[in-house]
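What follows is a single chain, given as structure tokens, in the form predicted alone.
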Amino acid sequence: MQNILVIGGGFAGLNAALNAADQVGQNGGDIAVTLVSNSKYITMRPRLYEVNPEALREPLRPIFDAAGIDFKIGNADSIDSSQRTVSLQGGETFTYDRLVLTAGSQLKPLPVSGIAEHGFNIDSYDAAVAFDAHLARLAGAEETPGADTFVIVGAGITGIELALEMHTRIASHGGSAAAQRARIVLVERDDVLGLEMGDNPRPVIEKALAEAGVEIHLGSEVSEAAADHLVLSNGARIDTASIIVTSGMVASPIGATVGVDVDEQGRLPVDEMLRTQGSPEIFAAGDMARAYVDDSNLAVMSCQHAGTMGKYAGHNAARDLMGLETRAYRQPNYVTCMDLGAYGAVFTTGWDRVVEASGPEVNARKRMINEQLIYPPEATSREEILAARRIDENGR
């Protein structure tokens, strides 16, 4: 029996495994589908800025058991493409006939003295829960200088969403009085907020931050971090017990072991079928893949692209192994929906991110995305699960 091996149980990996199993079943292939993940859960990573991060994950095994997919827990750390093997920490090795690499991404480290020791982040489930426990400790501790100051380093989408959620998160542990006292500081090395969002939604974002009383330091970097303060590149000192880093992401380092050149974000170059260039038996998707969504735009590290890309990677890996025609990955319709806390949300369309709607009226749309769209299918019958994650008539 041949084997399709999927590494990573996030949005891309889940959809890759389900679509591979679906194609094998539809075409009578004698192929096993195996997924290896370092967690038995899928984390709702786009929601980790929210209150109660402990609730933001779902078990994977019921889905894979119902779909007939072999599910293994382990940390994959290297690939030998010449032998078609993947090695796990601890020494276990898996072989593959086709590999789908969906190991995701991780927080880009900041080369700042003290930041690793004293900084928090919300990049992973464990990190987000640890930060929430820190907020709970602060709520029950004696007042100290900087205890009411929360410094977020990085004003991309995650940093802005967290800044605008912080009063709610503080109130959930310390009450409304603590939230009202809190000083929320946003530090960004660029001269504008949300650089990757472009100019169109920026006035809306700036208004939301101003209404929330968020203090903004643009063109600034952190030069030193300690348990009770940080120092900015202009020499300013901010007393704080809470430094939260949202400085962007890089792909999992396992991609660099494939033996092909990765880009500056650690992503593998892939063709339109999502085959890794130079290793065509390896498909990559999600944050691991440098993939074009259309003729000119690259996919971004987001669940919006990861989920759909995973569908194509699993679909194509299975059909390629069975000698069947594959399907070019295309996802030209691009939207963003950004949570702006008490202000509401902003919804944009296209790569120019034209604002279609903003304010409280967008809250329902954001909740639908966060609470329904990104969640895995319920574990019912095999056919219902597989059908829920097939590439639809719009190519998504």
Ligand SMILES: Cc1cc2nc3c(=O)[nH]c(=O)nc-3n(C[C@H](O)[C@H](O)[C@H](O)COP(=O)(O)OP(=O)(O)OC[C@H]3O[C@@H](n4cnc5c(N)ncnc54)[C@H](O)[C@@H]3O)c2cc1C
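Numbering starts at 1 and follows the sequence shown. As the structure is a computational prediction, the values presented were derived from the model and not from experiment.
The protein also exists as the form predicted together with the named molecule; that form is not presented, and the subsequent description refers to it.
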**Q.** Of A306, V222, L164, L99, the one that lies within 4.5 Å of the named molecule in the predicted bound form (heavy atoms)
**A.** A306
**Q.** Contact assignment for the named molecule in the predicted bound form, among V185, M197, M249, I244, heavy atom within 4.5 Å
**A.** M249
Q: Mind telling me which stretch in 323-331, 62-70, 29-37, 354-362 gets its heavy atoms within 4.5 Å of the named molecule in the predicted bound form?
A: 29-37
Q: State yes only if every one of G9, G104 and I122 has a non-hydrogen atom within 4.5 Å of the named molecule in the predicted bound form; otherwise state no.
A: yes
(Q) How about M273 - does it come within 4.5 Å of the named molecule in the predicted bound form, if we only consider non-hydrogen atoms? (A) no
Q. Looking at the partner-bound form in the predicted bound form, is S81 within 4.5 Å of the named molecule by any heavy atom?
A. no
Q. If you check in the predicted bound form, is G74 within 4.5 Å of the named molecule, heavy atoms only?
A. yes
(Q) Just checking whether T95 would be counted as a contact of the named molecule in the predicted bound form - the rule being heavy atoms within 4.5 angstroms. (A) no
Q: For the heavy atom contacts within 4.5 Å of the named molecule in the predicted bound form, list the residues of 350-386 involved, in sequence order.
A: K366
